[in-house]
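Below you will find one chain, with nothing else, as structure tokens; this is the form predicted alone, and questions on how it binds or moves follow later.
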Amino acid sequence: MSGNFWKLGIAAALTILPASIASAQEALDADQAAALCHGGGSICVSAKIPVARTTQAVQSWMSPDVGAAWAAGYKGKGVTITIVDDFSSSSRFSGNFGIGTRYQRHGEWTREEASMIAPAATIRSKDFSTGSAVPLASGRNVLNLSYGMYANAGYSVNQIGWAKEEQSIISYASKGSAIVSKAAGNDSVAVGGVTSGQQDYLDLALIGKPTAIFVGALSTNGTTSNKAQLAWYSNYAGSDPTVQSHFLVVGVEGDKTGLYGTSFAAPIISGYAAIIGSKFTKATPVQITNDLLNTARTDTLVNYDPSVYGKGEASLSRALAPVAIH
């Protein structure tokens, strides 16, 4: 497509693809999708951009665990969530997180969702079209990545000439400096798999990093009496035990919001991580990551299999249950 913004280059350039699916009523054509994916190369949105706070009410698309966490006083205070996404393109689509229909950019949607899950967290915005490094705030940090970096399959991660943005993200996940919540993707393949001859090299670069979490989408929030299954579009964990050990799923109830895709799974985990950090105030990003992974549920999923669901459905209530985490 013409006018694509190439963030970086190898033998073949990589492109940015958000991990969302617009509602059926707002399906994007090819040119709109290109604008949404690539951002036009505009300047970075300020990290101090104000976020409109909404009424703190548990919405029907949320897990009931969210309301229980709020009632216990845990809403993400003291944790910063940085949304790395599209905040500058002309592409917008509609949806409704329960506070009225809006017509917003991809990043505005993911930012709104994370802020609704963790209303006391500090929310920052970083436009993904610029390539500049992602700055961390003081204290604990969560980075939300509802996009992928695609190029022709067959390269090794070491061949990628990353921009400073992805360099910084990969470094933080490697060193355990920040929790990185990465949308698994919407190609119905294993994380890191090939689709239409391309691979998400950002997925590949994050495999094995201690604070990287891949997030898949369930079609509903699961319960023991009404088990959930993987959404038809969602990527899954696959056969690699390293991916399985850092793969979680959450409900993305697009029938209620008009918003589908693993783009809207990742901000839920970002919000959960912030909520956990607001209880365990001395916990490190590695400890919070492990707490989320090790407390996931498998009894709320249809035919649980680690190659599909990884560690299972994230359980905020179980993650908050311990007196302390180590």
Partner chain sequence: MRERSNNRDGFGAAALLLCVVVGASPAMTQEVTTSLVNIHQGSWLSDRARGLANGGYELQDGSWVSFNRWYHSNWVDMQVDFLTQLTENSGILWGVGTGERAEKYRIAPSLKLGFLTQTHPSLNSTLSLSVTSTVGGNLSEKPCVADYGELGTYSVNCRLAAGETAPEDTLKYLVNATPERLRLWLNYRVTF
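Just so you know, these numbers come straight off a predicted model, no measurement behind them. Numbering follows the first chain given and starts at 1.
Heads up, the form predicted in complex with the partner chain isn't pictured, but that's what we're talking about next.
The partner chain in the model of the complex comes within 4.5 Å of a heavy atom belonging to A283.
Put simply, Q287 is close to the partner chain in the model of the complex: some heavy atom of it is within 4.5 Å.
Among heavy atoms of T295, some come within 4.5 Å of the partner chain in the model of the complex.
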